[in-house]
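This document starts with one chain, in the form predicted on its own, laid out as structure tokens.
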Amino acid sequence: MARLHEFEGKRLLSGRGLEVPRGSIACSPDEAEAAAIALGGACVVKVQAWTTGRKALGGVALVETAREARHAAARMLGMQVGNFAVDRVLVEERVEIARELFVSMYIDDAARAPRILLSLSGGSGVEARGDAAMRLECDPLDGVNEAELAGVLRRSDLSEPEREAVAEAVRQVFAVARAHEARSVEINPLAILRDGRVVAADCRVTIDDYAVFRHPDLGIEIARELDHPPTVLERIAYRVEQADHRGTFYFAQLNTKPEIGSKGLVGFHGAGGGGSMMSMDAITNAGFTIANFCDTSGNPSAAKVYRAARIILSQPGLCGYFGSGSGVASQEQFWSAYGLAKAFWELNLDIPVVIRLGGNAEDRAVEILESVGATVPATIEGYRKDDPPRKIADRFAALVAGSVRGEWRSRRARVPAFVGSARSYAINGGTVWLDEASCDAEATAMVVRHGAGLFDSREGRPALAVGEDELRSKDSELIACEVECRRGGRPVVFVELEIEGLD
């Protein structure tokens, strides 16, 4: 689920008429000081991070002056919350709270319906008081059950004006959730102030990933559940996924440095969610720190797997590349092998690689993958579905221990000398280059044999056998042709694929 920062969530609530404290975002100490001056000096400074318990982490500060707000922001900006640094704070007016409540709209997956969770005691530690919260039924179109809500509030010790204000806040929480297709909208605390006003003092909003494209106004960069602002590589990977819907590509960065006592930082490439998680456990139990999570499954194209590998290998400091997924995939595994082989050759890989390509046509996939090891400095080993993740993780550990090349340094991909001058054809997301000058009868036969019917032989040279429009969508077949020609010792085809933001 895509999450909004507190300030963004409050903007939605305010747009529905629910009162929120005055405030603004600051990305520097200077901006924080200016925001505090506008509020009269005394204010609260809060880190904007997708986590609970910010106060316990030192991410909330009550200050009396603008100068103190500046110092608080200077301390918070750059502080680590999980694995990522805070890059913005909310500078907000201080409000005099008389009572704290809790209200949340959430989707009850078991009931397949929205629900309102209401507690007359909110604030810190509300999770431990969950049994006291009341669950109210909601109609997906009309909102909360008004009779049930009125009964709950009538039995409370709230005054009549307070009951009316709280009821209206509950209605607006549902309205915000429905208008923006949220999975949850939580206000904690919903504060009753000393002057009787009801204010959303803090909030958390998560939007359904599949609805994000309908709400560009929310400014959500990545429709994924992340516990941090998206990194550069995560943005690049998300663009790849959105541009190519053949299979799934999920990428998230986890660590930039190995943990203390770890054997090293590993680039992880999985295939299938459950199998990938099991394989991550295996490599972690073998003593390594995982740099990233990656999943390419659901019959991904060779081009998509290639781009995934390039993105994984854009992370410096890796001690090796470890791939393992479900092991029972029905998709033809050699397409993934072609994508990996191309990426490893282009980057002249020199760190150990262990890949488990379990599933349909796994023998062919392992053969393709291991053959690229003859063209790069790296040791590359392929495994099959009968090889358990623990076994290959132990083998990976042995290869890393025996490696003398050190940590991986990210680098620009290499291309053949004929790129830029040879015959070329446009394809989706790139260009295919054909070195006709080097195509004797043997090379031409190789291109035709591995070209999936895209080429034939004319006057002893390869020529297109299909229209250029049809060729545009054949990136995977062309990658296969490139890899097979290189395996045959006649590298006369090269597929140049764009990766926006990486190249």
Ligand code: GDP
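Heads up: residue numbers just count along the shown sequence, starting at 1. Here the structure is a predicted model, which means the values were calculated and not measured. For the two forms, the rigid core is made up of the largest set of C-alpha atoms that agree within 1.5 Å on superposition.
Although not depicted, the form predicted together with ligand GDP is the subject of the following passage.
Not displayed here, ligand GDP is approached by E93 to within 4.5 Å at the level of heavy atoms in the predicted bound form.
Within this chain, K55 lines the site of ligand GDP in the predicted bound form, having a heavy atom no more than 4.5 Å away. Using a 4.5 angstroms limit between non-hydrogen atoms, V60 touches ligand GDP in the predicted bound form. Put simply, P189 is close to ligand GDP in the predicted bound form: some heavy atom of it is within 4.5 Å. If you check ligand GDP in the predicted bound form, you find no heavy atom from any of E8, A182 and I220 within 4.5 Å. The listed set E241, E100, E381, E162 contains one residue whose heavy atoms approach ligand GDP in the predicted bound form to within 4.5 Å, identified as E100. For the residues I116, A201, I368, C319, the 4.5 Å heavy atom test against ligand GDP in the predicted bound form is passed only by A201. Here the chain stands alone, but in the predicted bound form its contact with ligand GDP, taken as any heavy atom within 4.5 Å, falls in 60-68 among 453-461, 472-480, 60-68, 434-442. After superposition on the rigid core, displacement of the C-alpha of L478 between this form and the one not shown stays below 2 Å. E442: CA moves less than 2 Å between this form and the one not shown after rigid-core fitting. L193 is among the residues whose C-alpha shifts by 2 Å or more between this form and the one not shown once the rigid core is aligned.
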